[in-house]
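A lone chain, given as structure tokens: the form predicted alone.
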Amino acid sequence: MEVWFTEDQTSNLKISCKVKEVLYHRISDFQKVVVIDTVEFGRMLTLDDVIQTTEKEEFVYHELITHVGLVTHPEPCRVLVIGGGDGGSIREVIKHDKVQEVVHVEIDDKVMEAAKMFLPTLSSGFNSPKVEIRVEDGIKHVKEHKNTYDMIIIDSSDPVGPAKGLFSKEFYQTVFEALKEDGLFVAQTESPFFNQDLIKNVHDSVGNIFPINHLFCGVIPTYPGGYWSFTMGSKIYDPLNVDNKNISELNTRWYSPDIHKAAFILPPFVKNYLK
């Protein structure tokens, strides 16, 4: 008998993956946390039946949400990661020698438990001496830590449930206040094909708070539309001014000096709705 996992990506679109084995299944205080082993994408983490990451393609997302900002900031000594309980963002952040401390705030400890047990290629950075793990509300943490971080990474799930507040203008204002005078942040901001209103609202909100505001994109096959956006808000440093010659080797599979520049080249249909 064949077993398939299906995600309802929109009311009119589904994605299905053939399953070899269910490895982890827990109902936490916030959501259903599942790790399955799939034929096509390897091990896959889902939250409330929505794909979060897979072994086959996770490097694209995690390298973009971390390295674009970390390369843009010349001294990213103290970094905050909100969400990202799978550990992929942490793994990438600690590749940077200039990073001295990473505070990882994840509201659901079951996500980290699942990653440690069944996604070791992602969660390998959890044991780094640079990393402090805090199981708490990221919104509350940001409010309580003003002028603290050089960079904040908002590695959230979709804007429903515990992640909903991470897409509000009020939250971006507290992020601005939690950053040092030259700080910047990067957040995942959904699909340019299916979440245009959300992307436009985030872009406008961030643009009203941060002097520098950019959208950049990458390709993630299991996410709706396969084309995914990230938003950066920066107080001083512009990612478009980064000199490619100053980008050191990071042992990456997607991110590179050329990708750093190319990620900000947006197709006309995205530019038009951002206006």
Ligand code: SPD
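Residue numbers here begin at 1 and follow the sequence given. Remember, predicted model here, so these are calculated numbers, not experimental data.
FYI, the form predicted in complex with spermidine isn't displayed, but the following is about it.
Trainee: Heavy atoms within 4.5 Å of spermidine in the predicted bound form: which stretch among 177-185, 112-120, 152-160, 68-76?
Mentor: After filtering at 4.5 Å, what remains is 152-160.
Trainee: Would you mind picking the one in 60, 34, 209, 50 that has a heavy atom within 4.5 Å of spermidine in the predicted bound form?
Mentor: If I apply the 4.5 Å criterion carefully, the residue I get is 50.
Trainee: Is residue 228 close enough to spermidine in the predicted bound form to count, meaning some heavy atom within 4.5 Å?
Mentor: The answer is yes: residue 228 has a heavy atom within 4.5 Å of spermidine.
Trainee: Test of understanding: in the predicted bound form, would residue 223 fall inside 4.5 Å of spermidine by heavy atoms?
Mentor: Residue-level check for residue 223: yes, a contact with spermidine.
Trainee: Applying a 4.5 Å heavy atom distance criterion, does residue 86 contact spermidine in the predicted bound form?
Mentor: Close contact exists here: in the predicted bound form, residue 86 approaches spermidine to within 4.5 Å, heavy atoms only.
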